[in-house]
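Quick setup: one chain, the form predicted on its own, written in structure tokens, and binding and motion questions come after.
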Amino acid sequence: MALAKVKEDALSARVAGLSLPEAAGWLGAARTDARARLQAMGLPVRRDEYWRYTDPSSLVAQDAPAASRFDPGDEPEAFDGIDRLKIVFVDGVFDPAASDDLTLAGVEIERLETAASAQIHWAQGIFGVLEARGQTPVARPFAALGTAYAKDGILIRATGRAARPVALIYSHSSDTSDAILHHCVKLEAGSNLTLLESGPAAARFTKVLEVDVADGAEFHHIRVQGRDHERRAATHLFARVGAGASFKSFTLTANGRLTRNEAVIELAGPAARAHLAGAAVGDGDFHHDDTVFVTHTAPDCESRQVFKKVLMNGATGVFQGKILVRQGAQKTDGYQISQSLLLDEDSQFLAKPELEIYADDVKCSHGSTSGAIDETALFYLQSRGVPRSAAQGLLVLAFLAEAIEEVADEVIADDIRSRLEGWLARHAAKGGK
């Protein structure tokens, strides 16, 4: 059977149980365009170049594989001690009773379905637009699926300095939930916004987040994925960063049968900055894939990619990262590092770092390493009276430190460190998962 037919059949099976969201005007047109893109691409198969390390079969199946809910016990919710505006989704549906009032100084917030009734809306220039741009040169079918079929989502427009962070909290209540969400964020010139995301979301979760950062604005994105181990997720982050603007995104992932996080970032204005970082810890049947594409289209821009994974008991980590420097993007400073710490011989790390440069005055570097824990350092700590499991935990945290340092807010960074410490302690006590 021809590959195109296989991808077409996969798409037909995946959307068979989905209903098309009703919308007219600008939103309806964006969804129609996305469905056309999706139909032309089909859904991915393992033979696709950017899916060779990750099996998409559970993501393209018609029904979401069941994922039992994990009882966190007395483990606090992520960012629980941080003053934030909470927006809650349960299995991909907005929960107004659990959410705060959507009013915040310096920010305008509304639901996607509310904006759909407007003839003209600021989101018209973002919704599906950045996703469509991100389909070249690599097709991202699940992103088009998220644009075409998402019935819910949040639109956030920062007009000044947000009074406090906005937190998107994803709750998982059904063992077979299949959630699709699409969010848009626009930062006006000179504005500042911190967006937090947390929670297991659903048995299978497809999400698109499009972010437009205007000149001189600052966007901080911190995400925590985990808790319910059997969950599966395909997330997509598209961003356009203007002149002198700053974009920073950090993701912590602990647990999850399959997680694929894609990020497509364009540095569109001079002196723009984009930092992307991730820390992942996995045990057993854990598969985690970071696929990142950063394009420098303007001069004097800076990008950093820092991704660290700690893997044990047969877990798998994947990193596919690319820096593209277009002609004219002189004085580019691009840095990319992906590293894994393998705590046994059964785990594996698969990496594909890339540089593609069409300018002659640049400073770009990439590197990828994989190795075991430092036995000399482990022996030293044990010789000073530190138990082996605690010593190993300290070395793991030291290994992940470079990624966590990308989180600018020290209170949030401390919250992330405490969650990692808790995960390591639980797994040490259980001898693994």
Partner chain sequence: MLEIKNLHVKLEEEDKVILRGVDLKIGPGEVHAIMGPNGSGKSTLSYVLAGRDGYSVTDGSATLEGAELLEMEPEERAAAGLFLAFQYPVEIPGVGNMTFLRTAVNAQRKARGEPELSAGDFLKVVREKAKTLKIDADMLKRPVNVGFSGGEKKRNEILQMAMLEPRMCILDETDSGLDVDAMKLVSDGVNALRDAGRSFLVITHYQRLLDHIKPDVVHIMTAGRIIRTGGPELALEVEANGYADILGEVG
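Being a predicted model, the structure only gives us computed values, none of them experimental. Numbering follows the first chain given and starts at 1.
Same protein, other form: the form predicted together with its partner chain, not shown, and the subject of what follows.
The contact with its partner chain in the predicted bound form, taken as any heavy atom within 4.5 Å, belongs to A398 out of A61, A40, A398, A372. Note on contacts: among A408, A377, A29, V45, the single residue with a heavy atom within 4.5 Å of its partner chain in the predicted bound form is A377. Of the heavy atoms in P387, some are within 4.5 Å of its partner chain in the predicted bound form.
Looking at Q382, you'd find a heavy atom of it within 4.5 angstroms of its partner chain in the predicted bound form. Although the partner is absent from this view, A36 stays clear of its partner chain in the predicted bound form, with no non-hydrogen atom inside 4.5 angstroms. Its partner chain in the predicted bound form comes within 4.5 Å of a heavy atom belonging to L394.
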